[in-house]
Structure formats: structure tokens, C-alpha cells
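A single chain, nothing else alongside it, follows as C-alpha cells in the form predicted on its own.
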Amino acid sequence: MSEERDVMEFDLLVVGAGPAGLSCAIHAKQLNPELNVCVLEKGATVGSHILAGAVIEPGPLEELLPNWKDNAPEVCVPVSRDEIRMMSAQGSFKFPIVPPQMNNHGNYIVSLSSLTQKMAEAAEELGVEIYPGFPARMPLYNEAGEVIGVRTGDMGVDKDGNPKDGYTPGMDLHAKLTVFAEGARGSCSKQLVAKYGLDAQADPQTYGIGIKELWQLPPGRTEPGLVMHTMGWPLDNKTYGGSFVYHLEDDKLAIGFVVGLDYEDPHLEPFEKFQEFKNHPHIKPLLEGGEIVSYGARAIVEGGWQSLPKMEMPGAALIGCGAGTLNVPKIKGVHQAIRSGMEIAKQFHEKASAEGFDARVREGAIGAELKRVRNIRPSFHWGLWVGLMISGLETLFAGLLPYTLRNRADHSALKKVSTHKPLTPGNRDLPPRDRLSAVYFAATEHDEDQPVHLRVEDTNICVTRCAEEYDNPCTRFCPAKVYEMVEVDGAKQLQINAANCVHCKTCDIKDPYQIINWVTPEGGAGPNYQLM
């Protein structure tokens, strides 16, 4: 559609109201209260689309908002003790020592959705304009090829792309600097990386899928502040991943499971592995008699130092998980995201541009932290036991060993069905019974009469090559049953249940042919996470 659009002008435009984007906006206003700062958020409310474990290191947050605990998020529990277990099918082994990277003394278990809501309040008090429900659809460029802002998505378009009653074209927002803080596999960020070749000197970015549930348990069941992580069963030794079990106050429990998306077995279903884990003899007694409060899933950036793209380009910058700043061995990204937001705000204050931001990140605290642990995640390409051995050496030598292991693209790791036997389903006594039941607890909502936001370039591949070579893995790796192969008039075809989507981005990452392109749906559509 070609029509005139409203144009809004800002000094600083931030795409994404997560911890990175909000810290950028807050610190920019702290440094210069006269700046005109805008934050766009694709969720209907700030926090509705964000999900993490989450245990946070409070240092950067305290630097940004020294009195943050005076207006603490609804879930904010000081860590009381750590526990790490190696799981087998019938039992578990508790590690006698917690590795330094996973020591959470002084950290807090929080709801990231609630924390970002509090950060948004602080930003608005400083005069930041925040617009929830306005997803950035595409970056905008001037004739010189510089980023000048973004265009938001059109509203009121039917599934065939035709305007409905009440159609409103998206707005163009222009700024002196546009900061993209979209989180893992951001749709605009992906376009920018391709346009400017930002990943030309980097390894492929790698990811995991994290699936999380919030439970309300019977009284006296939890130990507030206990942080437990597990590895091993129900994953095989070739597959990277593990669980987190965080004990909250008021008899609530956050439990989740992460699977590295570089897994090889085309039959693997991350959702089913999570449900199988919940039925382990060490976990099931904790959950029995409880009720699920919320469910969700999200891709996690795992590439680290060697997969960092160039984080600056003419007129724009990438920050937070959109750039890949998460520290995998720590299982933490919030403190790094906040740091990166503050650093780009300082860069803009000092230089009025993003020029020099990439070097600033790499040479500062963010880069130093990632470089020290750069070999831990890729060491697990050789399996669990080799990974643990190399991780021990890396920790002992603080990342000073003279080598850097390489990362590979997740989709390239998937093997064909002929190389693997189908997996036997595990126990499933605890709810939810299936992925559709789980999606109910994500409270996800999309207007059925809007363009499908999961674009498949060639659906013929789905019913031919993909069916034969991989048996359509999208029907298994998606945690929301978005993809189904159905029979219509005697022929199989792909059915996309876009209304189920929880915006995890797994399909965009793991599809072996890279023909699935996740784009933002109509404004505000998607999950509505509560206390996640």
C-alpha cells in the first residue's frame, strides 16, 4: 500500500521495551533531560511479551536506578542458596561445589515482565514516551543508506492483505539515532545484519529455546530463594540443555527447560522433554497438587563473544540480546542488557551517533565478561562430558587459554530422519497434557483475520523435501503447535495456526531450509505473560 503516513521526529528512538531498551532510554534522559526519547514496544503492554528465568545480577540495575528496590517488581526474591544436579532417569546427583559462574550469592530471582514494567514507570517519570502495541515493521533509510528510523505495522488489514474498516497505515518514526533492542532474533535486527553485513567477521549466532511455567503450589512446598539447575536426563549426552527450578514466595515456583537449538535429532520435541522432566522422581512430588499459572517460551542467545555481530551502523545500533550479549555459563543476560543500554546512551551523549559503540562494548565490561567464557558453550558440541571437562579448564584459566572454539548455525546441525530412530514418549502425568493446553496459559491472542506473520517462502518444500528428509520438524520444535501437516483433498499441506504463536522465534532459527521468516503481527498481538 502506498499512501501518506504520519511522521514523528525524535532525538533517540528505541525499538523494544525490554531491559536493554529501557535502560538506554532511562540513561539517555539521565544524561540529557532535554532529549526527546521514544520507545516502541510490540506487546500490548510493557512486559507482556518478555520472558526469562530470571535470576539477575543487580549491579548494573543499581547503577541505573539506585533505588530500584523501593519500587521492586512483584516477584523479587533474594537467592538463598544454589543447587546443581546431574539427572538420570530415576535419580540425581547433587554437585558438592557450585561453579563460580553459577554462584548466585547476592543475586535476585525476579519476574522480568514485572521488572520491565517498573523500569517503564521510571522512564516515563523522566519524560520518555513509550508506545506499547506498536511493533516496528521495518527499518527506514535515507538516500545515503543510513538508518533514519522505523515504520510501524499497518493496522486493520485482513488476512489477504486488504484494508478493513478502520484501516490505519503505520507511522514513520525518525530519529538522529535508532537503537534496536528487540531481543533474540529480532525481525528488524535481522534485516539490518543482512543489509550491512554486520556478521561478516562473526561466527553464526546460536540459540536455545527456553520453555517456562509458573506454578502455584500447596502451602509449605517451596523454599523461597532456592535456585536449582539441572543437566543430563531427559536429554541425551549429545544435546545441550538443562532445567531451572526457582523457588519464589507465596508458594509459587518458576520451572523451565532449555534445549540448545544446535541439537541433531530431528525427532526431538523440546516441549515434550520439558514435560518429561517434570515427571522425574525428584521434581514430580514438588508439583503434584499444584496449578499452572502461566506458560511461555522464548529463544535465548547463546553464541557469546565469537558470534557478536558488529553492533553499530550508520544511524543505528544493536544492543542487549538482539546483539547477543547474554552470558551462557552464568545463565544470565539482564545485567549485560542493561549495561549495553547504558553504554549506547553514553555513546550518543558523547558523540551524537553510534560511531565507536562496537569498540566500546568489546573493550569494556560486556566484552570482557563474554571473552572469559567464550569457549564454554561451543565445547558442548562434543557432548556433555567433553563440555564439562573443557568448561572446567576454561573456568580454571579464566578464559586465558590461547584458542577460541567456533560456533555453527543451529539449522545446519539437524540430521535427517534416516539417521535417527523415533523417540519413545516419556511419562506425562502432570499438566499441561499437550501444547494447545499449554498455550492457553500464555494467554496469547491474534486476530484470525490478519496476515499470517509466519511467512514460508516455498510451501512445496514442506510437502516434498522436508517431509522426506526431516519429517517436518517444525511440527515438533514449535512449543505452541503453530505448524501442522494436514490432508486436504487427499494431499498433504502445511497448516499454520498463527493465532497460537507465542513469539519464541524458534521456527525462524531451526528450520533446516531457512524458508520461515517471522515478522511482527498486528500491534499488540501475541502472548500476555503475567509474572514471567
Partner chain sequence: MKVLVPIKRAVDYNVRVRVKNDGSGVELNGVKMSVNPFDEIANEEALRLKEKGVVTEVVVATIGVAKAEDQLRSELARGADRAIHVVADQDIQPLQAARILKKLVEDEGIDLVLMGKQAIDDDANQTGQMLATLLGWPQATFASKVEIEGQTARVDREIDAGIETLEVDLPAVITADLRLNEPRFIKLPDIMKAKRKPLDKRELGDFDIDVPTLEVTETRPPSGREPGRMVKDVDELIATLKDKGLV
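Numbering follows the first chain given and starts at 1. Just so it is clear, the structure is predicted and the values come from calculations on it, not from any experiment.
The same protein also has a form predicted together with the partner chain, omitted here; what follows describes it.
- Here the chain stands by itself, but in the predicted complex one stretch of 418 to 426, 403 to 411, 383 to 391, 130 to 138, 130 to 138, has heavy atoms within 4.5 Å of the partner chain.
- Listed residues Ala499, Ala467, Ala44, Leu494 were compared with the partner chain in the predicted complex; Ala44 is the one with a heavy atom within 4.5 Å.
- Of the listed positions (Ile292, Met102, Leu286, Leu454), a single one reaches within 4.5 angstroms of the partner chain by any non-hydrogen atom in the predicted complex, namely Ile292.
- In the predicted complex, no heavy atom of Asn279 sits within 4.5 Å of the partner chain.
- Remark: Met155 counts among the residues lining the partner chain in the predicted complex, judged by a heavy atom distance of 4.5 Å or less.
- Within this chain, Thr395 is remote from the site of the partner chain in the predicted complex, having no heavy atom within 4.5 Å.
- In the predicted complex, Leu430 stays away from the partner chain, with no heavy atom inside 4.5 Å.
- No residue of the trio Gln90, Asp236 and Thr475 has any heavy atom within 4.5 Å of the partner chain in the predicted complex.
- Residues Tyr440, Phe441, Ala443, Glu445 of 416 to 445 are found to place at least one heavy atom within 4.5 Å of the partner chain in the predicted complex.
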